[in-house]
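Here we start with a single chain on its own, the form predicted on its own, put down as structure tokens.
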């Protein structure tokens, strides 16, 4: 019998830049010319049907105009497309167009696009580089940063995927002006979540500038985008693989993701998250993690923005309770919740423990009241 050890120790630097500005397509092309992804000359622009005309095609044409080879791959917009079938469709289309390991994926769009395109890049050819060109407030606040890529299934959300970091993220503030108001409102849910878990001053800034954000005042949008990036960076830097601390980014998501799925995606992600945040602060207040005044402030801010804080009547409450068990924080069949501590901090429940085991009856009571 023979035994031998395969030594594969390595140090990997997955650092990348986030550029926040306006009209950033020229900057993306310039970066490719200057070797952001090495000598690669072939680009797969992945986008959805909502973004294709306004931003997907302009990125495609700019790359081609600079002498690169580029093709565009479009899938139907919406959370329902964030599934393995869509990933397979994109991969097969790329293969049919002659794409191999010598390519780069350019994700142009919101959170669904970045999740899907990043997952494709992480597995295509056993890993090719990609960049994110965020065109929504929601993507700028959350999905485009941190390297979380995944798809949903009927049994769970975001449990099939991998952590795969982009080479760069472009947050183009100009794109927010073309968003329907409901999508601007939707994007603010993750922004409020970040303020609740990490920065009380940021929370107060949002309170003072709600109307400016919804009016897309440039300096305000750039400020909140920068704060969002910093909050997420501070967490991901310490726990890239979501072993402990990164769980705090799931504040409000246990109920929120379940509502989003049970609604059949009639609710946008931010709308569902907002209701999840309402459930979280209501239960947290009962448990003494934040005051009644703080609970009221969080809910009032969400309402001012235009986000929902109550569960729609068409959602079956018992089905929702059972759906909670598909959350990725569940351990040994037990529900676990992240809770904020006041406004601007999170609860800890031991060394490197940020989620509390929560009895089904505790959260059921809150859900029935929402």
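Values in this document were obtained by computation on a predicted structure and should not be read as measured data. Just so we're on the same page, rigid core means the largest C-alpha set that superposes within 1.5 Å between forms. Positions refer to the first chain, counted from 1.
Unshown form predicted together with another copy of the chain; subsequent notes refer to it.
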Query raised in the report: Looking at the partner-bound form in the model of the complex, is residue 18 within 4.5 Å of another copy of the chain by any heavy atom?
Result: yes
Query raised in the report: Does residue 129 reach another copy of the chain in the model of the complex if we count a contact as any heavy atom within 4.5 Å?
Result: no
Report task. Examine residue 13 and determine whether its closest non-hydrogen atom to another copy of the chain in the model of the complex is within 4.5 angstroms. Result -> yes
Query raised in the report: If you check in the model of the complex, is residue 165 within 4.5 Å of another copy of the chain, heavy atoms only?
Result: yes
Query raised in the report: Tell me, which of 81, 282, 261, 158 has a heavy atom within 4.5 angstroms of another copy of the chain in the model of the complex?
Result: 158
Query - Selected contact from 248, 229, 214, 77, since only one has a non-hydrogen atom within 4.5 angstroms of another copy of the chain in the model of the complex - result: 229
Requested in this report: Could you tell me which stretch in 195-203, 261-269, 230-238, 174-182 has residues with non-hydrogen atoms within 4.5 Å of another copy of the chain in the model of the complex?
Outcome: 230-238
Query raised in the report: Hey, does residue 330 budge by 2 Å or more at the Cα between the shown form and the other one once the core is superposed?
Result: yes
